[in-house]
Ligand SMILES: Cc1cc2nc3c(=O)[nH]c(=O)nc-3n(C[C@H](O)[C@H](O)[C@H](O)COP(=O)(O)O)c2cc1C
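Encoded as C-alpha coordinates, the following chain is the form predicted alone, with no partner shown.
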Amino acid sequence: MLFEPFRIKGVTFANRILRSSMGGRTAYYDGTVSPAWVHFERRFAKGGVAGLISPTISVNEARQSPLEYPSLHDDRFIGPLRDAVREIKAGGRGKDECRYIVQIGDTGAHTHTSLRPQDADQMSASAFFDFQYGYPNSARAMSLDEIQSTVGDFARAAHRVVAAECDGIEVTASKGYLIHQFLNPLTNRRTDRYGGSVDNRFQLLDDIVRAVRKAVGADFLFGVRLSARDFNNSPLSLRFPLVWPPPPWRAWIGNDLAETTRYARKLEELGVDYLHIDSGFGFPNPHGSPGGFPDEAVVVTFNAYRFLSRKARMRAQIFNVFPAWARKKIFGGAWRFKPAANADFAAAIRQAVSIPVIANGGFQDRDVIDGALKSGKCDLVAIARPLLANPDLLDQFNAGANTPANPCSFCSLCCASTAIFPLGCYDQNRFETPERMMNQILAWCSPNAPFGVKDGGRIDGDGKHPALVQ
(Lines give C-alpha, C1' and ligand atoms only; values in the text may rest on other atoms or scores of the structure.)
Protein backbone atom coordinates (compact mmCIF):
# COMPACT_ATOMS: atom_id res chain seq x y z
CA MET A 1 0.00 0.00 0.00
CA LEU A 2 2.94 2.30 0.65
CA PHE A 3 3.61 2.59 -3.08
CA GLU A 4 0.01 3.15 -4.15
CA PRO A 5 -0.83 6.63 -5.51
CA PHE A 6 -3.20 8.95 -3.68
CA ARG A 7 -5.10 12.01 -4.86
CA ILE A 8 -6.13 15.10 -2.90
CA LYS A 9 -7.95 18.05 -4.47
CA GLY A 10 -6.76 17.31 -8.00
CA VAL A 11 -3.16 16.68 -6.91
CA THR A 12 -1.91 13.12 -7.40
CA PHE A 13 0.83 11.81 -5.13
CA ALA A 14 2.80 8.93 -6.63
CA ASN A 15 2.94 7.06 -3.31
CA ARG A 16 1.93 7.51 0.33
CA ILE A 17 5.21 8.95 1.67
CA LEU A 18 5.80 12.68 2.12
CA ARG A 19 8.95 14.32 3.38
CA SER A 20 7.72 16.19 6.43
CA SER A 21 8.52 19.81 7.22
CA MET A 22 12.24 20.03 7.87
CA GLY A 23 14.30 23.17 7.70
CA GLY A 24 17.90 24.24 7.88
CA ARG A 25 20.02 27.33 7.38
CA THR A 26 20.17 27.05 3.60
CA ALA A 27 18.61 30.35 2.49
CA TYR A 28 20.23 33.76 2.25
CA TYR A 29 20.10 36.01 5.30
CA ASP A 30 17.20 38.03 3.88
CA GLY A 31 15.10 34.86 3.47
CA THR A 32 15.63 34.27 -0.26
CA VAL A 33 16.07 30.60 -1.17
CA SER A 34 19.57 29.72 -2.37
CA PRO A 35 21.24 27.00 -4.48
CA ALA A 36 22.08 25.25 -1.20
CA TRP A 37 18.37 25.11 -0.37
CA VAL A 38 17.58 23.65 -3.79
CA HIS A 39 20.33 21.06 -3.47
CA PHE A 40 19.07 20.01 -0.04
CA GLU A 41 15.42 19.66 -1.11
CA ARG A 42 16.18 18.04 -4.46
CA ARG A 43 17.91 15.13 -2.71
CA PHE A 44 14.55 13.96 -1.31
CA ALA A 45 12.79 14.32 -4.65
CA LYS A 46 15.46 12.11 -6.21
CA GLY A 47 14.82 9.60 -3.43
CA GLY A 48 11.31 9.00 -4.73
CA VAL A 49 9.05 10.52 -2.08
CA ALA A 50 5.68 11.64 -3.42
CA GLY A 51 5.94 15.15 -2.09
CA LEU A 52 7.91 17.53 0.06
CA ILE A 53 6.48 19.77 2.76
CA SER A 54 8.75 22.78 3.11
CA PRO A 55 10.25 24.03 6.34
CA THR A 56 7.99 26.50 8.10
CA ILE A 57 8.39 29.60 5.96
CA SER A 58 7.94 32.87 7.82
CA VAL A 59 5.09 35.20 6.86
CA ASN A 60 6.30 38.04 9.09
CA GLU A 61 9.29 40.22 8.29
CA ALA A 62 10.18 40.90 11.92
CA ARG A 63 10.01 37.27 13.04
CA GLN A 64 12.37 35.61 10.57
CA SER A 65 13.59 32.86 12.81
CA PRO A 66 15.98 31.17 12.64
CA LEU A 67 18.09 33.28 10.31
CA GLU A 68 18.91 31.78 6.91
CA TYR A 69 15.49 30.13 6.74
CA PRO A 70 13.22 30.98 3.78
CA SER A 71 10.69 33.78 4.07
CA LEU A 72 7.63 34.89 2.09
CA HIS A 73 6.89 38.29 3.58
CA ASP A 74 7.55 40.14 0.31
CA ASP A 75 6.86 39.70 -3.41
CA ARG A 76 10.59 39.66 -4.16
CA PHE A 77 10.73 36.07 -2.91
CA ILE A 78 8.30 34.75 -5.56
CA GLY A 79 10.70 34.48 -8.49
CA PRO A 80 13.53 32.68 -6.66
CA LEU A 81 11.05 30.29 -5.00
CA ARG A 82 9.36 29.54 -8.34
CA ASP A 83 12.70 28.71 -9.98
CA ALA A 84 13.76 26.60 -7.01
CA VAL A 85 10.52 24.60 -6.86
CA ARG A 86 10.67 23.87 -10.58
CA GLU A 87 14.17 22.48 -10.19
CA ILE A 88 13.27 20.44 -7.10
CA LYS A 89 10.20 18.92 -8.71
CA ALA A 90 12.12 18.07 -11.86
CA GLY A 91 14.29 15.80 -9.76
CA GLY A 92 11.34 13.57 -8.90
CA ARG A 93 10.37 10.30 -10.49
CA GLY A 94 7.52 9.45 -12.84
CA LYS A 95 4.85 11.54 -14.48
CA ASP A 96 3.71 13.07 -11.19
CA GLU A 97 7.24 14.27 -10.40
CA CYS A 98 7.54 15.24 -6.75
CA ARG A 99 4.86 17.53 -5.39
CA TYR A 100 5.92 20.58 -3.41
CA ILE A 101 3.79 21.95 -0.57
CA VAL A 102 4.85 25.13 1.20
CA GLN A 103 4.20 25.28 4.93
CA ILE A 104 3.75 28.82 6.23
CA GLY A 105 3.72 29.94 9.84
CA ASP A 106 4.61 32.49 12.47
CA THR A 107 6.66 31.59 15.54
CA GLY A 108 5.13 34.28 17.76
CA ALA A 109 6.57 34.31 21.28
CA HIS A 110 8.36 31.01 20.61
CA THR A 111 10.74 32.81 18.24
CA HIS A 112 14.04 31.01 18.60
CA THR A 113 16.70 33.53 17.66
CA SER A 114 17.31 37.08 16.53
CA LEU A 115 20.25 39.35 15.76
CA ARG A 116 19.09 41.52 18.64
CA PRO A 117 16.09 41.30 20.98
CA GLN A 118 12.95 42.94 19.63
CA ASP A 119 9.39 43.52 20.78
CA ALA A 120 7.90 41.70 17.78
CA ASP A 121 9.30 38.42 19.08
CA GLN A 122 7.14 38.66 22.23
CA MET A 123 3.78 38.78 20.46
CA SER A 124 1.30 36.06 21.36
CA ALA A 125 -2.27 35.45 22.47
CA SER A 126 -1.58 36.49 26.06
CA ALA A 127 1.24 37.22 28.46
CA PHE A 128 2.97 34.03 29.61
CA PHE A 129 6.35 32.68 30.65
CA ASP A 130 7.90 29.62 29.01
CA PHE A 131 11.31 28.46 30.23
CA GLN A 132 12.34 26.17 27.38
CA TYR A 133 10.82 27.69 24.25
CA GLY A 134 11.47 31.08 22.72
CA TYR A 135 14.04 33.60 23.84
CA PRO A 136 11.87 36.54 25.14
CA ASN A 137 11.57 36.95 28.91
CA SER A 138 7.81 36.73 28.51
CA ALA A 139 5.13 36.88 25.87
CA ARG A 140 2.77 39.80 25.51
CA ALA A 141 -0.80 39.92 24.25
CA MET A 142 -1.31 41.11 20.68
CA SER A 143 -3.66 43.99 20.02
CA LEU A 144 -6.61 43.50 17.68
CA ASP A 145 -4.80 45.55 15.02
CA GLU A 146 -1.75 43.30 15.33
CA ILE A 147 -3.95 40.23 14.99
CA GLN A 148 -5.55 41.55 11.82
CA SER A 149 -2.13 42.43 10.45
CA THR A 150 -1.01 38.85 11.08
CA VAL A 151 -4.04 37.47 9.24
CA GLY A 152 -3.04 39.67 6.32
CA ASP A 153 0.53 38.36 6.51
CA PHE A 154 -0.73 34.79 6.04
CA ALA A 155 -3.01 35.76 3.17
CA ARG A 156 -0.28 37.62 1.28
CA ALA A 157 2.20 34.79 1.80
CA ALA A 158 -0.39 32.31 0.53
CA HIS A 159 -0.87 34.33 -2.64
CA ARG A 160 2.90 34.20 -3.19
CA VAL A 161 2.86 30.40 -2.81
CA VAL A 162 0.40 30.18 -5.71
CA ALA A 163 2.42 32.65 -7.77
CA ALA A 164 5.53 30.50 -7.18
CA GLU A 165 3.70 27.56 -8.83
CA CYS A 166 3.80 25.26 -5.83
CA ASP A 167 1.37 22.33 -5.60
CA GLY A 168 -0.18 23.24 -2.28
CA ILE A 169 0.00 25.19 0.95
CA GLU A 170 -0.03 24.09 4.57
CA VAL A 171 -0.62 26.37 7.54
CA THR A 172 1.07 25.21 10.73
CA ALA A 173 -1.26 25.47 13.72
CA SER A 174 1.12 23.22 15.64
CA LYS A 175 4.74 23.26 16.95
CA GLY A 176 3.82 25.75 19.69
CA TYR A 177 3.93 28.57 17.16
CA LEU A 178 1.65 31.61 17.13
CA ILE A 179 -1.60 29.97 16.01
CA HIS A 180 -1.00 27.14 18.46
CA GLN A 181 -0.45 29.72 21.23
CA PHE A 182 -3.96 31.02 20.50
CA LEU A 183 -5.46 27.49 20.47
CA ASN A 184 -3.80 26.43 23.73
CA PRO A 185 -5.90 27.30 26.83
CA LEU A 186 -2.81 27.87 28.99
CA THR A 187 -1.16 30.44 26.74
CA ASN A 188 -4.43 32.08 25.66
CA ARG A 189 -6.09 33.86 28.56
CA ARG A 190 -7.78 36.55 26.47
CA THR A 191 -11.28 37.76 27.29
CA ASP A 192 -12.20 39.08 23.82
CA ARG A 193 -13.41 37.18 20.75
CA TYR A 194 -9.98 35.54 20.38
CA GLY A 195 -9.88 33.84 23.78
CA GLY A 196 -11.76 32.14 26.57
CA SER A 197 -14.00 29.45 25.09
CA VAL A 198 -12.87 26.61 22.83
CA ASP A 199 -14.45 28.32 19.83
CA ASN A 200 -13.00 31.74 20.64
CA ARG A 201 -9.49 30.29 20.85
CA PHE A 202 -10.06 28.94 17.35
CA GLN A 203 -10.98 32.37 15.99
CA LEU A 204 -7.48 33.34 14.82
CA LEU A 205 -7.11 30.08 12.89
CA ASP A 206 -10.62 30.59 11.51
CA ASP A 207 -9.69 34.06 10.26
CA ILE A 208 -6.42 32.82 8.75
CA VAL A 209 -8.01 29.84 7.00
CA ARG A 210 -10.69 32.02 5.43
CA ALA A 211 -8.10 34.58 4.32
CA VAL A 212 -5.75 31.93 2.91
CA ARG A 213 -8.51 30.15 1.03
CA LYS A 214 -9.59 33.44 -0.52
CA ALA A 215 -5.99 34.17 -1.50
CA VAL A 216 -5.26 30.78 -3.10
CA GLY A 217 -8.67 30.12 -4.66
CA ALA A 218 -11.12 27.27 -4.34
CA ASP A 219 -9.11 24.73 -6.35
CA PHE A 220 -5.67 25.06 -4.74
CA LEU A 221 -4.57 22.30 -2.33
CA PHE A 222 -4.74 23.61 1.25
CA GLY A 223 -3.94 21.73 4.45
CA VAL A 224 -3.45 22.50 8.13
CA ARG A 225 -0.95 20.94 10.51
CA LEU A 226 -2.63 20.38 13.87
CA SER A 227 -1.45 19.10 17.25
CA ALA A 228 -3.79 16.35 18.45
CA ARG A 229 -2.89 16.80 22.12
CA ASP A 230 -0.90 19.65 23.66
CA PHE A 231 0.86 17.73 26.46
CA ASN A 232 1.63 21.06 28.18
CA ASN A 233 3.43 19.27 31.00
CA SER A 234 5.71 17.32 28.66
CA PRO A 235 8.57 18.01 28.28
CA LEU A 236 9.25 19.45 31.71
CA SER A 237 9.20 23.22 31.35
CA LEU A 238 8.35 26.04 33.70
CA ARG A 239 5.38 27.43 31.79
CA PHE A 240 2.59 29.57 33.20
CA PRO A 241 0.28 32.45 32.20
CA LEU A 242 1.01 35.81 33.75
CA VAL A 243 -2.51 36.24 35.15
CA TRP A 244 -4.28 36.09 38.47
CA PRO A 245 -6.10 34.05 39.60
CA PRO A 246 -4.38 31.01 38.04
CA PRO A 247 -6.35 29.16 35.37
CA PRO A 248 -8.22 25.93 36.19
CA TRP A 249 -6.27 22.66 36.21
CA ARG A 250 -7.68 21.65 32.83
CA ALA A 251 -5.88 24.53 31.12
CA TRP A 252 -2.53 23.35 32.48
CA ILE A 253 -2.87 20.16 30.43
CA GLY A 254 -3.87 21.94 27.23
CA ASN A 255 -6.12 20.79 24.43
CA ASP A 256 -6.95 17.11 24.21
CA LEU A 257 -8.54 15.05 21.44
CA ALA A 258 -12.01 16.37 22.26
CA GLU A 259 -11.01 19.96 21.49
CA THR A 260 -8.79 19.02 18.56
CA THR A 261 -11.50 16.90 16.96
CA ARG A 262 -13.83 19.87 17.26
CA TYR A 263 -11.22 22.01 15.50
CA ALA A 264 -10.78 19.35 12.81
CA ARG A 265 -14.50 19.42 11.99
CA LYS A 266 -14.44 23.21 11.84
CA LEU A 267 -11.47 23.15 9.47
CA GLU A 268 -13.26 20.71 7.19
CA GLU A 269 -16.32 22.99 7.17
CA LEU A 270 -14.06 25.91 6.23
CA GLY A 271 -12.87 24.05 3.16
CA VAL A 272 -9.48 22.72 4.26
CA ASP A 273 -8.48 19.79 2.04
CA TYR A 274 -6.40 17.72 4.46
CA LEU A 275 -5.13 17.62 8.04
CA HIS A 276 -1.54 16.87 9.05
CA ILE A 277 -1.49 15.45 12.58
CA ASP A 278 1.27 15.50 15.17
CA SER A 279 1.14 16.28 18.91
CA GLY A 280 2.85 18.26 21.65
CA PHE A 281 3.46 21.97 22.25
CA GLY A 282 6.79 23.54 21.33
CA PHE A 283 9.50 22.58 18.86
CA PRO A 284 11.11 20.19 19.21
CA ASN A 285 9.06 18.24 21.74
CA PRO A 286 9.02 14.52 22.65
CA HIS A 287 5.60 13.89 21.12
CA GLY A 288 6.06 15.63 17.81
CA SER A 289 9.63 14.28 17.54
CA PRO A 290 9.55 11.01 19.54
CA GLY A 291 12.98 9.71 20.49
CA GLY A 292 15.93 10.55 22.69
CA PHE A 293 16.45 13.86 24.43
CA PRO A 294 18.86 15.89 22.24
CA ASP A 295 20.90 17.06 25.22
CA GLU A 296 24.13 17.97 23.45
CA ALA A 297 22.37 20.07 20.83
CA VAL A 298 20.05 21.75 23.36
CA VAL A 299 22.98 22.92 25.49
CA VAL A 300 24.90 24.26 22.48
CA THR A 301 21.81 26.03 21.12
CA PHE A 302 20.86 27.61 24.45
CA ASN A 303 24.41 28.91 24.85
CA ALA A 304 24.43 30.32 21.32
CA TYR A 305 21.65 32.84 21.97
CA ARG A 306 21.97 33.40 25.70
CA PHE A 307 22.74 37.07 24.97
CA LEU A 308 19.17 37.82 23.83
CA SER A 309 17.43 38.05 27.21
CA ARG A 310 17.70 37.46 30.94
CA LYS A 311 15.66 34.29 30.54
CA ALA A 312 17.91 32.97 27.81
CA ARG A 313 20.98 33.72 29.92
CA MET A 314 19.49 32.04 33.00
CA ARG A 315 18.41 29.03 30.96
CA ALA A 316 21.90 28.56 29.54
CA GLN A 317 23.44 28.87 33.00
CA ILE A 318 21.12 26.24 34.44
CA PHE A 319 21.86 23.81 31.62
CA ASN A 320 25.58 24.44 32.02
CA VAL A 321 25.54 23.82 35.78
CA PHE A 322 23.78 20.46 35.64
CA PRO A 323 25.86 17.53 34.35
CA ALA A 324 24.62 15.70 31.26
CA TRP A 325 23.17 12.75 33.20
CA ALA A 326 21.14 15.11 35.39
CA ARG A 327 19.87 17.15 32.42
CA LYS A 328 18.73 13.99 30.70
CA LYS A 329 16.94 12.79 33.81
CA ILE A 330 15.30 16.12 34.63
CA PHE A 331 14.54 17.59 31.21
CA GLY A 332 14.57 14.42 29.14
CA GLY A 333 12.23 12.31 31.23
CA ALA A 334 9.44 12.38 28.62
CA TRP A 335 11.70 11.80 25.63
CA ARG A 336 11.42 8.24 24.32
CA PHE A 337 10.79 6.59 21.01
CA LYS A 338 7.40 5.24 20.08
CA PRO A 339 6.74 3.84 16.59
CA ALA A 340 3.97 5.68 14.73
CA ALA A 341 3.60 7.90 17.78
CA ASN A 342 0.68 9.93 16.46
CA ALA A 343 -1.05 7.34 14.27
CA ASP A 344 -3.79 6.64 16.82
CA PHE A 345 -4.43 10.37 17.16
CA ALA A 346 -4.66 10.63 13.39
CA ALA A 347 -7.09 7.70 13.36
CA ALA A 348 -9.36 9.36 15.91
CA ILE A 349 -9.45 12.56 13.88
CA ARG A 350 -9.89 10.66 10.60
CA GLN A 351 -13.04 9.09 12.03
CA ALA A 352 -14.44 12.54 12.71
CA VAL A 353 -13.82 14.07 9.28
CA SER A 354 -14.15 13.00 5.65
CA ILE A 355 -11.01 14.74 4.37
CA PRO A 356 -7.63 12.96 4.11
CA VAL A 357 -5.39 12.78 7.17
CA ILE A 358 -1.58 12.64 7.27
CA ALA A 359 0.17 11.11 10.30
CA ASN A 360 3.57 12.31 11.47
CA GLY A 361 6.13 11.08 14.02
CA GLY A 362 8.00 7.81 14.58
CA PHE A 363 7.76 6.27 11.10
CA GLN A 364 10.75 4.39 9.67
CA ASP A 365 10.06 0.65 9.32
CA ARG A 366 8.01 -0.46 6.35
CA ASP A 367 5.71 -2.73 8.38
CA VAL A 368 4.88 0.17 10.72
CA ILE A 369 4.11 2.46 7.78
CA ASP A 370 2.05 -0.17 5.94
CA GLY A 371 0.26 -1.05 9.17
CA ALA A 372 -0.87 2.53 9.74
CA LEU A 373 -2.03 2.86 6.14
CA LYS A 374 -3.75 -0.53 5.80
CA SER A 375 -5.58 -0.17 9.10
CA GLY A 376 -7.01 3.15 7.95
CA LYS A 377 -5.37 5.24 10.65
CA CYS A 378 -4.15 7.70 8.03
CA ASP A 379 -4.06 8.25 4.29
CA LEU A 380 -0.43 9.35 3.99
CA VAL A 381 2.63 9.31 6.23
CA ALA A 382 5.01 12.25 6.71
CA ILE A 383 8.63 11.44 7.56
CA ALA A 384 11.56 13.75 8.33
CA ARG A 385 14.43 12.36 10.43
CA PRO A 386 14.58 8.85 8.89
CA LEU A 387 14.70 10.39 5.39
CA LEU A 388 17.49 12.71 6.48
CA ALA A 389 19.37 9.63 7.71
CA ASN A 390 18.52 7.64 4.58
CA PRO A 391 17.34 9.70 1.61
CA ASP A 392 17.16 6.42 -0.35
CA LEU A 393 14.72 4.93 2.17
CA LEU A 394 12.10 4.12 -0.46
CA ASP A 395 14.68 2.40 -2.64
CA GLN A 396 15.64 0.25 0.32
CA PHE A 397 11.98 -0.65 0.81
CA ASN A 398 11.70 -1.50 -2.88
CA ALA A 399 14.70 -3.80 -2.52
CA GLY A 400 12.89 -5.74 0.20
CA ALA A 401 14.18 -4.12 3.38
CA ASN A 402 11.84 -3.56 6.30
CA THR A 403 14.34 -1.39 8.20
CA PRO A 404 17.10 0.64 6.53
CA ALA A 405 20.60 -0.78 6.81
CA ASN A 406 21.81 2.20 8.85
CA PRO A 407 18.61 3.38 10.51
CA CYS A 408 17.85 6.72 12.09
CA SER A 409 18.30 6.47 15.86
CA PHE A 410 15.65 9.14 16.53
CA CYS A 411 18.13 10.98 18.74
CA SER A 412 16.60 14.33 17.61
CA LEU A 413 20.00 16.04 17.53
CA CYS A 414 19.17 17.21 14.00
CA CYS A 415 15.97 18.96 15.18
CA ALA A 416 17.65 20.74 18.07
CA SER A 417 20.69 21.86 16.07
CA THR A 418 19.06 23.62 13.14
CA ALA A 419 18.77 27.08 14.72
CA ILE A 420 22.55 27.48 14.71
CA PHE A 421 24.08 24.66 12.61
CA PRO A 422 23.47 23.17 9.13
CA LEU A 423 20.74 20.56 9.02
CA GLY A 424 22.07 17.03 8.97
CA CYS A 425 22.49 13.87 11.02
CA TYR A 426 24.52 14.55 14.18
CA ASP A 427 24.47 11.01 15.59
CA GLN A 428 28.15 10.05 15.46
CA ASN A 429 27.29 6.42 16.15
CA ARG A 430 25.93 6.15 12.62
CA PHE A 431 29.31 7.01 11.06
CA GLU A 432 32.71 5.37 10.92
CA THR A 433 34.40 8.60 12.01
CA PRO A 434 33.37 12.08 13.18
CA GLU A 435 34.89 13.42 9.94
CA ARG A 436 32.47 11.38 7.85
CA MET A 437 29.56 12.75 9.85
CA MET A 438 30.72 16.33 9.27
CA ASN A 439 31.35 15.59 5.59
CA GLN A 440 27.80 14.32 5.15
CA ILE A 441 26.30 17.37 6.88
CA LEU A 442 28.24 19.69 4.57
CA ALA A 443 27.42 17.59 1.50
CA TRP A 444 23.67 17.99 2.11
CA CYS A 445 23.92 21.71 1.33
CA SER A 446 26.95 21.81 -0.97
CA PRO A 447 26.40 20.90 -4.64
CA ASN A 448 30.17 20.93 -5.27
CA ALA A 449 31.26 19.02 -2.17
CA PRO A 450 33.84 16.30 -2.92
CA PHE A 451 32.06 13.88 -0.59
CA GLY A 452 28.69 12.15 -0.70
CA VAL A 453 25.53 12.29 1.35
CA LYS A 454 25.21 8.55 1.81
CA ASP A 455 28.05 8.00 4.30
CA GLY A 456 30.20 11.11 4.23
CA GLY A 457 32.91 9.36 2.28
CA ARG A 458 34.72 11.04 -0.59
CA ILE A 459 33.12 10.54 -3.95
CA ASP A 460 36.30 8.78 -5.14
CA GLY A 461 35.89 6.36 -2.23
CA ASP A 462 38.98 7.04 -0.14
CA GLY A 463 36.92 8.32 2.80
CA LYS A 464 39.40 11.01 3.82
CA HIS A 465 38.36 14.36 5.22
CA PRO A 466 38.98 17.05 2.55
CA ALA A 467 41.09 19.13 4.94
CA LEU A 468 43.53 16.26 5.20
CA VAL A 469 43.93 15.81 1.47
CA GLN A 470 47.11 17.46 0.15
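Residue positions are given as counts along the sequence shown, with the first one as 1. Here the structure is a predicted model, which means the values were calculated and not measured.
There is another form of the same protein, the form predicted together with the ligand; it is not shown, and what comes next is about it.
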Subject >> Option touching the ligand, based on a heavy atom within 4.5 Å in the predicted complex, out of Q103, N184, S234, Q122 >> reply: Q103
Original post:
Which residue among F220, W335, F283, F302 has a heavy atom within 4.5 angstroms of the ligand in the predicted complex?
Top reply: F283
Original post:
In terms of non-hydrogen atoms within 4.5 angstroms, which of the given stretches 84-92, 126-134, 322-330, 286-294 touches the ligand in the predicted complex?
Top reply: 286-294
Subject >> Site check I383, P386 and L423: each within 4.5 Å of the ligand in the predicted complex by heavy atom >> reply: yes
Original post:
With the partner left out of view, is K175 within 4.5 angstroms of the ligand in the predicted complex by any non-hydrogen atom?
Top reply: yes
Subject >> Contact of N255 with the ligand in the predicted complex (heavy atom, 4.5 Å) >> reply: no
Original post:
Quick one: does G48 come within 4.5 Å of the ligand in the predicted complex, counting heavy atoms only?
Top reply: no
**OP:** Would you please decide whether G108 lies within 4.5 angstroms of the ligand in the predicted complex, comparing each non-hydrogen atom pair?
**Re:** no
Original post:
Which residues, if any, of 11-35 lie within 4.5 Å of the ligand in the predicted complex when only heavy atoms count?
Top reply: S20, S21, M22, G23
